[in-house]
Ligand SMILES: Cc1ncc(COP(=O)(O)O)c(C=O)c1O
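Just one chain follows, in the form predicted alone, and it is written as C-alpha cells.
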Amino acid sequence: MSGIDDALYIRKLAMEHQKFFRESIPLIASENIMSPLAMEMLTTDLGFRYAEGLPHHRYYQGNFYVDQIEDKVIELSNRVFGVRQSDPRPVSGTNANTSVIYGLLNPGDKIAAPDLSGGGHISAAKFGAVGLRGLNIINYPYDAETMSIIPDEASKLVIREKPKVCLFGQSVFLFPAPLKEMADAFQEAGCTVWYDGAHVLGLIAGKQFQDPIREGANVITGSTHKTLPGPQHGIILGNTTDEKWKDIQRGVFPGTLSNHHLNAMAALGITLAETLDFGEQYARQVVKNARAMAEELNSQGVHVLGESRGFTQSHTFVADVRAFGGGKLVAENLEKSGIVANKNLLPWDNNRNSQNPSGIRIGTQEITRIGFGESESREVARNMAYVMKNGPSDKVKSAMADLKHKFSEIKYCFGRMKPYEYVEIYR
C-alpha cells in the first residue's frame, strides 16, 4: 500500500466518523461543536507557529499579531468571567490543572478534592496529575444520591486536616459546590481555594450555575470545549495575589508546556466574544434541556440520581442502569441505536468498576447548540429508555437520524453553518 492509499484510508475513516455523528444524537457531557468563525481559526497559519512565553516577552520572532490576539483573548476572558487574571495558554483542562498543581503545590503537600466515585476528575486522583505530583489527597464527604459535597462534614475535614489547597470541581457536576457554606473553614485552614470548572465553564459564563470567584475561589481552571463551546483547549482564571499568579503562570510555562497552540487560542477568543452576546441564552437552555431529559427518563422507570434536588442544575445528569445490564452494555446498546453517551462510575462503584460501572452520564450542551429544546430532549429520553429495556433498535436509530436532520445549523454564534459542513468542503 502506497502513502497516498494510507492517506485516503485515514480520510475515509474521518468521513465515516462525520457521517456517524451527523446521524446520531451526541450526549457526551464533555464535548461540543464550535461556531464557523471559531472553526476558521483552526485552519489559519497560526496552527504552524510558536509563541513561547507571555505576550510581548516572547522567545521567538514573528509574534507581532499573535501578541495582539492573546491580549484580546485575555481581555475577553476577564470580561466574560469578571476576573482580573486570565491565562489562555493551557492546551487542555488537565494541562491547566497540572499547571496549577506545579504552581501552588510541592510533593508531600496536602490537597482536598472530590472523590472519583463521587464525580471527581481523574486529574485529582492518586493515579492522575495530583498523585503523580506526590501530593497527599484527602476526599470530601459527599451525598451519594446527589453526588454533592456535604458542607458541614467537609468543613470539619478542612479545619482538621488544613490542606494547602481545597479543590472543587467534578466530571459529574450536578449541583454547585458549597463554596459560600465553607468560607469560614477555608479561612481557618488558611488554604487556597481552587475551582475546576471544566464542565460548567459555559454555565458560569452564562450566569446559570454559580460564580466561583464571588463565592470564594482564588483560581479557576477549565476546558474550553464542553459547556463553553470552543476549541479543545484550556484556560486558567484568577483573583489572587500577583505573586501567586506568577507562580501559576510559571506552572504553565515553562512548567507544563512550551508552545500553546495559537490557532486554538484564537478560536477560544472567538468563542468568548460569542459568549458575551449569546452565552446567557445558551446556558439557560442547556440546563432546561438537561432537567427535561432527566425528568422524562426517570418517569420512564430509569433511576436518575438527584431527584430530591430536581436531578441537576447543570448540563449533565447520571442514571443508575444496573437494572438494564450496567453502564457498559447500556452505552453500547445506545450507540448502536444512534444515541451516544458514556458509561460512568457511581458512588457505590468505589472506583473499581471503571470498565463496567453502574451508570451512564448524559449531557445536553451539544444538542442545545444545534437548537434542541425541551420537547426534543424528552423525545430522546423516551427512546433511550426503550433501548435500555429492549436492547439495540434500528427503529430508534432511524428515528434519531430523522430528528437530527431537522436541526442542521449551529446556533448561539456569529453566522450559521451546518454541523460537519467544514469537513465536507474538502471533498
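When you see a residue number, it is the position in the sequence shown, counting from 1. The structure presented is a predicted model; accordingly, all values stated were derived computationally and were not measured.
As for the form predicted together with this ligand, it is not shown, yet the points below apply to it.
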{"property": "Touches this ligand in the predicted bound form: H225 (any heavy atom, 4.5 Å)", "result": "yes"}
{"property": "This ligand contact in the predicted bound form: G93, any heavy atom under 4.5 Å", "result": "yes"}
{"property": "Partner contact for S123 in the predicted bound form: this ligand, 4.5 angstroms, heavy atom", "result": "yes"}
{"property": "is_contact(S171, this ligand) in the predicted bound form, heavy atom dist at most 4.5 Å", "result": "yes"}
{"property": "Selected contact from N63, S393, S358, S30, since only one has a non-hydrogen atom within 4.5 angstroms of this ligand in the predicted bound form", "result": "S30"}
{"property": "Contact residue in the predicted bound form, chosen from I204, A198, L272, C166 - any heavy atom within 4.5 Å of this ligand", "result": "A198"}
{"property": "Listed range touching this ligand, judged in the predicted bound form by heavy atoms within 4.5 Å, from 299-307, 137-145, 242-250, 93-101", "result": "93-101"}
